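Here you get one chain, nothing else, as structure tokens; it is the form predicted alone.
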């Protein structure tokens, strides 16, 4: 006889800090005052860095750049929750995550100029390089988590991706394996409303991306992605779950892409400005400022100082990146294989010859 199997489920939506800076004290995570200020300062630097990068790209000083304005809370707060031994696995929009992990600003700019000599942090920083192919990096994060589990190391892997990546097979495969293997992986989906020109409404028929976790036997939670405290708390809990062997977590951070997908994109061709306006009122930095004011951790003088110092730091980093001289073109072919395949050697020789002809007249 046929049977109907019904599964009931609910997805928690977490908000701790509202748009006016009011906090739910029962849910408020314990974060030291100095750390709260550090998070704020990092968000500000990230915003200024972002704005400068767009200008530099327009001037031909950087390659294509993916802005993060409006998504700083989802990136900075989650990365701040990581321990030193944990892994950060980015897509192409996570400049704020590298900044949070202490990577020099000029190194990020240099990398965006197309040079691998732009550092992604110290060798033991556990920062993976930028992954451009959409949805590919969740597999890397599961591999890192599985390796940590096999080696009995207390390490978690936090991987970032957008809502568009949830339509890629690699992302779903990664979640499936993380569920089966109970890896300490945190999948952070930045649901910023748009996958280039495809809106969330056309990306999935599901009511949330967080509910997709249920099919893979992992924990799913939706958070207000512009709420620093909610993002931090959800990430911290996910790390603790992984450390205790309880497996992976999928966090859907509801936020918004204030600017273009990348500097190669014109969002005015597919979305109306009136859609963007309400999100300006939800700016994560302004919301966090309201919270810090109520905690007596921010006043006008401190705010002005933070923004001024951020401008100085970013300007100095941009100048250093412009003065940087890349190494020989042959460098881009090295360090992948222990023994270079002949076909790569042929490409390197050709590139080297062409490079020398162009640079030596």
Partner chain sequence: MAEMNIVQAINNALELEMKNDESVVVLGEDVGVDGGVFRVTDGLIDKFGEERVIDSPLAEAGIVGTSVGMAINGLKPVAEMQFSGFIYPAMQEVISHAARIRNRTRGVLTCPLVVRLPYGGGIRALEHHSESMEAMFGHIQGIKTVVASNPYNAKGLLIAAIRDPDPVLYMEPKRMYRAMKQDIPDEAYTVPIGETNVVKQGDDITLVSWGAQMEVAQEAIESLGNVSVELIDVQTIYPLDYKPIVESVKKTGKCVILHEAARNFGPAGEIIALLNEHAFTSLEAPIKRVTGYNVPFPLALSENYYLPSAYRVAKAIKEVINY
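What we label the rigid core is the largest C-alpha set whose atoms superpose within 1.5 Å from one form to the other. Computed from a predicted model, the values in this text were never measured in an experiment. Positions refer to the first chain, counted from 1.
Although it is not shown, the form predicted in complex with its partner chain is what the next lines describe.
Novice: Does residue 247 make contact with its partner chain in the model of the complex, using a 4.5 Å heavy atom cut-off?
Specialist: No, residue 247 sits far enough from its partner chain in the model of the complex that none of its heavy atoms falls within 4.5 Å.
Novice: With heavy atoms only and a cut-off of 4.5 Å, decide whether residue 347 touches its partner chain in the model of the complex.
Specialist: The answer is yes: residue 347 has a heavy atom within 4.5 Å of its partner chain.
Novice: Just to confirm, residue 302 within 4.5 Å of its partner chain in the model of the complex by heavy atoms?
Specialist: No.
Novice: Spell out, yes or no, whether the shortest heavy atom distance between residue 113 and its partner chain in the model of the complex is within 4.5 Å.
Specialist: Contact check for residue 113: yes, within 4.5 Å of its partner chain in the model of the complex.
Novice: Which residue among 54, 329, 306, 297 has a heavy atom within 4.5 angstroms of its partner chain in the model of the complex?
Specialist: Comparing distances to its partner chain in the model of the complex, the residue within 4.5 Å is 329.
Novice: Using heavy atoms only and a 4.5 Å cut-off, determine which of 198, 215, 180, 206 is in contact with its partner chain in the model of the complex.
Specialist: Comparing distances to its partner chain in the model of the complex, the residue within 4.5 Å is 198.
Novice: Spot the stretch among 221 to 229, 71 to 79, 185 to 193, 158 to 166 with residues whose non-hydrogen atoms come within 4.5 Å of its partner chain in the model of the complex.
Specialist: Careful reading of the contacts points to 158 to 166.
Novice: Would you say all of 9, 15 and 243 touch its partner chain in the model of the complex, counting a heavy atom within 4.5 Å as a touch?
Specialist: Per the other structure, none of 9, 15 and 243 touch its partner chain.
Novice: Can you name the residues of 331 to 355 that have a non-hydrogen atom within 4.5 angstroms of its partner chain in the model of the complex?
Specialist: Read in sequence order, the residues that approach its partner chain (within 4.5 Å, in the model of the complex) are 332, 333, 336, 343, 344, 347, 350, 351, 353, 354, 355.
Novice: Aligned on the rigid core, do the two forms place the Cα of residue 332 2 Å or more apart, comparing between this form and the one not shown?
Specialist: Yes, because once the rigid core is superposed, the C-alpha of residue 332 moves 2 Å or more between this form and the one not shown.
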